[in-house]
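Only one chain is included here, represented as structure tokens and corresponding to the form predicted alone.
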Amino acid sequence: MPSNTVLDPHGAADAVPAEAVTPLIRGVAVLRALTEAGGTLSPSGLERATGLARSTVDRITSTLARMGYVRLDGRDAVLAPRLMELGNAYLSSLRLPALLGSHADALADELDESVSLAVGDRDGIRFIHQATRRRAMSLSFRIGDLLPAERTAPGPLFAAEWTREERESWRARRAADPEDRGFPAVPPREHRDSDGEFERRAAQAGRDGWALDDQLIEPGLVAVSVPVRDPRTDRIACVASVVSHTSRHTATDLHDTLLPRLRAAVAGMERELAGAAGAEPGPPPSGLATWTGASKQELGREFVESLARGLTVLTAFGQGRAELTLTQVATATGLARATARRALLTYEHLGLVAPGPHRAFVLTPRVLSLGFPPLSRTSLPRIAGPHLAELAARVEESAGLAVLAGEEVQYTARAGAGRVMSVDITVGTRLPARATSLGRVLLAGGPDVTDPVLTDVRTRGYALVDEEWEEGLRSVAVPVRDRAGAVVAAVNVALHAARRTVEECVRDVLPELTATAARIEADLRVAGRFTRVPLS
């Protein structure tokens, strides 16, 4: 492909503006390729997916690893939870998940069906909230997944508001991608319906104020949707959907039994939007320009500074910062105006940023295509795993993560030390909470602690058990807290008493353990901002 063109996700080639940042375009291509592959690709896989040279792929993944956005696992590049801060910037600036998510969750509980919120993304729809029922036959869509409008219930509602140019763009995409290969979240299209059929559905949805999906994506999947309108403009802010399976409801059932309850919930959502006060701006990022400069000094050619600086521009947006001018972006990131301008121009070309009112810029739903879907289903053990492995390598002892299960602790992640003799406790093992360092930390994190031993653990911030559970076994543990500050898990290092004294455990192991817990908490805060992170 010529160097002055780039493929958008639907396969159309657009000329790259002369002032665009080429390394930023390439970095975005790598992140999208990793996203579409489920979060993991080898360097050769990234070469094939992006068309970039191996040396370029290596420099980009090295830079992304330095930023904490990917992790290099052997020969593979793996998306890391911190990358979700880009999608979080869009979701927090949008405000809809924060304002309406609890309404969707309550409706899902009431109906015992999956409920989703979606926004329009050009000629597709993209999910911004999911309240999914856990069943053997359950919904697999994730926050950030992109679906073609014509194969969904929300699609006709959005299409009813399309301009002529948007309809023509939709037809062009359909002609260029008749099997929907540009939408990895859905199975390829087997039978193509006519453009006119969808246009009739859109016109009908516009008149009725609701729409159905009767097994358009795959056999068995049905959904009913109602638009949530922005009270300021009376245009669609998002679409709420109830999704089920034909084993539970037919499409007619959805209309007859669930549509009235969905409409009532949407009325509540619209009242929420109408009464919402302006969001207080959250803290903007700080020191990013200085950090990227220092990283370039340390890593040299392996750190692509223009890519790192370009990605920091997305984090300038967020709560209370939905619309930013060029000057505001430059101020928030510490970048020169010229650098910020080129990054914004590049993002506008890639469809990640759009012009807003008063010469401002806004993020688009496409920001969610940068890693959010696969990462939105992560769990605490998966978050903790790499950190535990690094800890075990540093202290040369076994490390573990556990959660409270009644009066016991249950190990949910482990990392071995590679010694001839080491602590060997497998994932899933349960032990009495009060007899272990992990359990004492977890119990001390409870709301009503009166036991003197647990009170002491809470005060000190760690628990150390010295050969109480098993002769020769010594362990030290610290808590892991969620975004609200609640203790949700604990991490420990366990070792043979002959290798370190109690004093050495406190002096040498505890600081490393505390730092590891802080890293896990940082990832958990990012991952859990708009998604539920399972603890086991």
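Numbers for residues come from their place in the sequence shown, where the first is 1. Remember, predicted model here, so these are calculated numbers, not experimental data.
Same protein, other form: the form predicted in complex with a small molecule, not shown, and the subject of what follows.
Within 4.5 Å of any heavy atom of the small molecule in the model of the complex lies no heavy atom of residue 313. Contact check for residue 241: a heavy atom falls within 4.5 Å of the small molecule in the model of the complex. The small molecule in the model of the complex comes within 4.5 Å of no heavy atom belonging to residue 392. A residue is said to contact a partner when one of its heavy atoms sits within 4.5 Å of a partner heavy atom; residue 213 meets this definition for the small molecule in the model of the complex. Within 4.5 Å of the small molecule in the model of the complex, a heavy atom is found for all three of 127, 130 and 217. Heavy atoms within 4.5 Å of the small molecule in the model of the complex map, among the stretches 344-352, 86-94, 151-159, 264-272, onto 151-159 alone.
With the partner omitted from this view, the residue of 370, 223, 442, 340 that lies near the small molecule in the model of the complex is 223 [heavy atom within 4.5 Å].
For the candidate set 462, 141, 198, 183, a heavy atom within 4.5 Å of the small molecule in the model of the complex is found for exactly one residue, namely 141.
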